[in-house]
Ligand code: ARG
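Before any questions on how it binds or moves, here is one chain, the form predicted alone, in structure tokens.
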């Protein structure tokens, strides 16, 4: 007798990847093997039927994602909350799922109007508790959950998803009976990680590795003591065993092509409503309406505001947008801002105020500023408003008053000026006890000065498109993931590199990328190849021993000797075949048939036989090798990178790495929305990239050293 509950499944008769609505689908359109997908689904069904009751939903032609029935909605007791899909490609499924619920005699509770909600893909009950983990940030709206919580009489715990690879909560989070969870922390923002840790004891939290997460180990069906997933690594298997769960691997790689696995393919249909003790805590989710006025589109302000809300851990709904009909007319937008807690909402609204946004009531009523007295000299109330450099107005007694002595990092003090109210910026240390300080964001507005439509003038730290203070490791990990997917689908990665790659010790790692099939072409100058060959022959670059970081006697001749040896064999390929060159980037290019182009310059020594000294010829060869690239890695070579960028069409992923922010900014300024700038040492970047592509393991380099 099956004891693991009841589940709805939909046969994959019409399943396939026919469009792209998540990162997993990129490059996989038309690649699904229908027979293999059917066999994998049938195996999952057999595993589930041995432990639970299974009901089948008839698939429909033209709806290739319908087998992912977890997104159909949410069932608790006899209540069904239907999905409202974010993407038009899946909206055709909604009526079929609703019809199933009506046949099952479930009471239907609609999500709030205008809110997207993707069912059990984002909303997961903690078994045996009156608690709903609520994923948002990619597909489902945070705005949807307060109403759902009220309708189901359950507590809502919002979790913000920040990695589009883990676009649904069930791809990176699995609640377990007994109060435990299996999850991938890096899929969530810091506040959400803290929420999980506060709610789940340490001994019941199972944090999975990056490799398990990418294999959708968290996307699991838990039934009758079994944990069924596409992939389960040894450490996770051991942790599950200690918690009393049988780990069952059910390969579903055909469904991974569309970004789904075990849990995505089922909907739990008989979850009973747990007995509640006491009142359900009120929802912590808070919302306010803001209004934007100005040239919202050509200035980029609209995009900046929405990004600010998302980056701050919130969600938004655009309630109204009226575009100016002429170039001299302002556009007006009303946006509902939703945040997981009042404190987080306040932080988001303060950033929006700095961008010139007004906070209004639902009835478009502007609130008065909230004032509180300074408790002691030199001390402001806890929630004081911190000023920026932009002109600021404060609403007092129905009027907007411009603050005097505007400056940043001050507080706003409302004072009496001969019987009338006035506002002045004042340093915190200059406050007198009892001074009326503006608190929160109510009744405050700023007027940012925007010098150019493309510039982000919001007042915040590290908001530029290029920053050396961001965590390089996180960006490199994402780049490595993209490179793995490009290689898997037979795509092309082109590397544009300068000799700094060699000088910083990065040659061994770039050579490994070539050998392992991650690089399909290399573009550079004479110096890149010369010093790569020098390292192979003498262990030096520009005469400096790369192991000891010190010059060697006679080392200044090494690069000339390298050029001479190559010229004696007619080419780099000739020197490789003769056994003279036995390692390095261009050694691997020759051995693995990876083409390269070397563009010459007036300063070149030699040059090497392959170096193209005709500028037009070099440009043509660069363009040929860069054609049809999926990604271009630009490594510490401003001129070669800019040249390549200027001949690269939009849509190609550009990654620019340089120790100089000016170089990275110049590449980013070419206007490609697919560009990423990383200000760091290129040798460090290549080390981290090699580590990420090696699964974080220590790997041996050609000279017997290790990469990490």
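Positions refer to the first chain, counted from 1. These figures come from a predicted structure and were not determined experimentally.
Omitted from view is the form predicted in complex with the named molecule, to which the following refers.
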Checklist entry - Does the named molecule come within 4.5 Å of a heavy atom in each of 524, 642 and 658 in the predicted complex? => result no
Next on the checklist: Within 4.5 Å, heavy atoms only, which of 316, 167, 587, 188 is in contact with the named molecule in the predicted complex?
Outcome noted: 167
Checklist outcome for this item: The one option of 70, 682, 48, 664 with any heavy atom within 4.5 Å of the named molecule in the predicted complex is 70
Checklist entry - Taking the shortest heavy atom distance, is residue 260 within 4.5 Å of the named molecule in the predicted complex? => result yes
Checklist entry - Would residue 171 sit within 4.5 Å of the named molecule in the predicted complex, counting heavy atoms only? => result yes
Checklist entry - Would residue 9 count as touching the named molecule in the predicted complex under a 4.5 Å heavy atom rule? => result no
Checklist entry - With a 4.5 Å heavy atom cut-off, would you call residue 121 a contact of the named molecule in the predicted complex? => result yes
Checklist entry - Out of the stretches listed (260 to 268, 279 to 287, 149 to 157, 566 to 574), which one is close to the named molecule in the predicted complex, meaning heavy atoms within 4.5 Å? => result 260 to 268
Checklist outcome for this item: Contacts from 76 to 101 to the named molecule in the predicted complex (any heavy atom within 4.5 Å), listed N to C, are 90
